[in-house]
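Next comes just one chain, in structure tokens: the form predicted on its own.
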Amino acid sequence: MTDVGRHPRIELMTLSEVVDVQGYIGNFRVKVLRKARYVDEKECTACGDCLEDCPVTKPNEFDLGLSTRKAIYQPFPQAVPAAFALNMEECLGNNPIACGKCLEKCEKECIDYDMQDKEVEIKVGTIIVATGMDVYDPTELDEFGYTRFENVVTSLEFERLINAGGPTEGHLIRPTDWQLPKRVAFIQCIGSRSEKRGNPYCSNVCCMNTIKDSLLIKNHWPEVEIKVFYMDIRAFGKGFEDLYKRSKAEGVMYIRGIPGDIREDQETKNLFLLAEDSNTGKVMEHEVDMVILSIGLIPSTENSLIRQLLTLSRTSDGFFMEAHPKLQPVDAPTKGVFFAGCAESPKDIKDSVTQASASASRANILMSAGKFTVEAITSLINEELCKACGLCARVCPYHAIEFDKEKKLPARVIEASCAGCGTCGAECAFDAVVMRHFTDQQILGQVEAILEENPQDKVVVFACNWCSYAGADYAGVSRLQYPPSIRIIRTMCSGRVDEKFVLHAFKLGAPIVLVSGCHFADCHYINANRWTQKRVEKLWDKLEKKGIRPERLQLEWISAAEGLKFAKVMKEMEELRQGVTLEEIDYTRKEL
């Protein structure tokens, strides 16, 4: 932090938040709200004189409420800049009259009660999202007694307790009597790996954090008895298994089972844990002095706002989704935006630093080049056909289409932002949007070529490039068998599948048409497949009104890793095809 604060080419904006982002790769305009510090950070030396007479006492957020602070304070000892900040909402301050005691104590007169928030706009070429993570609140898990029993603390609170700079100066104590606990229990997977309460995913760092804490306790207080209740110990990093073995060698007991109940002795404040050890099959009660809940990691609360500002995708666990898990692990779907740290997934410090270095390198490559090469699959607007309805701008997941409602001018595509999903082209009712290399004529030509001979024997499949088409490829390399009647047409996204493509296939005698794309949470074009769903649902209604079985148009979500599912779905399509009669096909041709 200190090096960052001193670097001549780094501008560090503290007490600030991003409120708006406009533009595209190489030309982002970011509005930042710089909140008033009420202290001149250039003059303040953090001498601490102002703290002496401040009458306000509040819980210290950095110590998770285990210590207190004043209304004027330094967030934490290593904070940059090394200056105090005044929380005007807590200060007895300037409403209606400032108490002024901190100002009277400050010899350099650094405090300014009249400071105002400022909004500044900065122009940047790339953006790295490093919003970090939050931790799970175990209050809802009432069986563990958090907030009911004072000697039940979270792993984060425990970290502050044994930290040399923490409220106890690094001494291990239990909160009720401030004495050294003789028996300590750790409970793993609090808020993680749980479908009903908490989160279904593994938080990555909890096991090793507990192993580290157990070794710290044993190194300083070897007489303390430690028990770790766990589902599975996941020690998959370099040297992590050795630490796990070392912990057991130091006498730490590992019990495979999560306690179902914790109760407290009212007099001694000792805690009793009832748990089954699945290794022995025995249910036992364990008496301990202190319980530490190893809480999991959850996405930052700021992610929702950042997602809207930068047009990002999220995976089912709530963390941001990268452009490609293997080939572009730090790139966001929005060009010029990169991820670092726990914004993308739960990870430890080493992995966070690795990803941050990769993000900085990716951003540096773009910035050093000075220009960005766009893949030739972007959309174009035919101004003669454009009716300025604005629908294309509304459905674009990247906000890559500009449209002036008042002037009613033809829409304009920002090619640097366009990812070529084709949703705008499929939604345009006036054929004013042309998709390079995936034009209407090209796709319709493929449909016609497929159904030129014996159309009744073919199944037309529209597959998105990133998931369904890749799933077909995976099925192929895995030597999975599926019927030869399947004919695949590749599109960049299922959102490109226009209504007229499907209807044209039916007009030419196709018995079955399948539209296939990414799963909702995994769409590589953020939310383009949502428009696919709406479009197919409208087609089902249209077919039904014309007396055509809607089942002949199928919609499936298949990922790149689901080669087995792809083969299975194709066999199902063949079974459906065999159930379509020639009379049905002829009737469909006449109606359409």
Partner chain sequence: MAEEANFKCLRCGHQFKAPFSPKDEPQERACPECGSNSVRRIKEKAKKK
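This one's a predicted model, so the numbers in the text were calculated from it and none came from an experiment. Positions refer to the first chain, counted from 1.
Keep in mind that the form predicted together with the partner chain is missing from the display, and what follows is about it.
Colleague: I'd like to check something about Val580: if you look in the predicted bound form, is any of its heavy atoms closer than or equal to 4.5 Å to a heavy atom of the partner chain?
Modeller: No, Val580 is distant from the partner.
Colleague: Give a yes or no for Tyr38: in the predicted bound form, does one of its heavy atoms lie within 4.5 Å of a heavy atom belonging to the partner chain?
Modeller: So Tyr38 does not count as contacting the partner chain.
Colleague: In the predicted bound form, does Lys534 have a heavy atom within 4.5 Å of the partner chain?
Modeller: So Lys534 counts as contacting the partner chain.
Colleague: Would Tyr525 count as touching the partner chain in the predicted bound form under a 4.5 Å heavy atom rule?
Modeller: No, Tyr525 sits far enough from the partner chain in the predicted bound form that none of its heavy atoms falls within 4.5 Å.
Colleague: Pick from 327-335, 111-119, 515-523, 262-270: which stretch has a heavy atom within 4.5 Å of the partner chain in the predicted bound form?
Modeller: Of the stretches listed, the one contacting the partner is 515-523.
Colleague: What residues, if any, in 554-590 have a non-hydrogen atom within 4.5 angstroms of the partner chain in the predicted bound form?
Modeller: Those in contact are Gln554, Leu555, Glu556, Trp557, Lys565, Lys568, Val569, Glu572, Met573, Leu576.
Colleague: Comparing against this form, do Ala130 and Ser559 have their CA atoms pulled together or pushed apart in the predicted bound form? The difference is 3 Å or more.
Modeller: Farther, not closer.
Colleague: How does the C-alpha distance between Asn527 and Gln328 change in the predicted bound form compared with the present structure, closer or farther, given a change of 3 angstroms or more?
Modeller: So the answer is closer.
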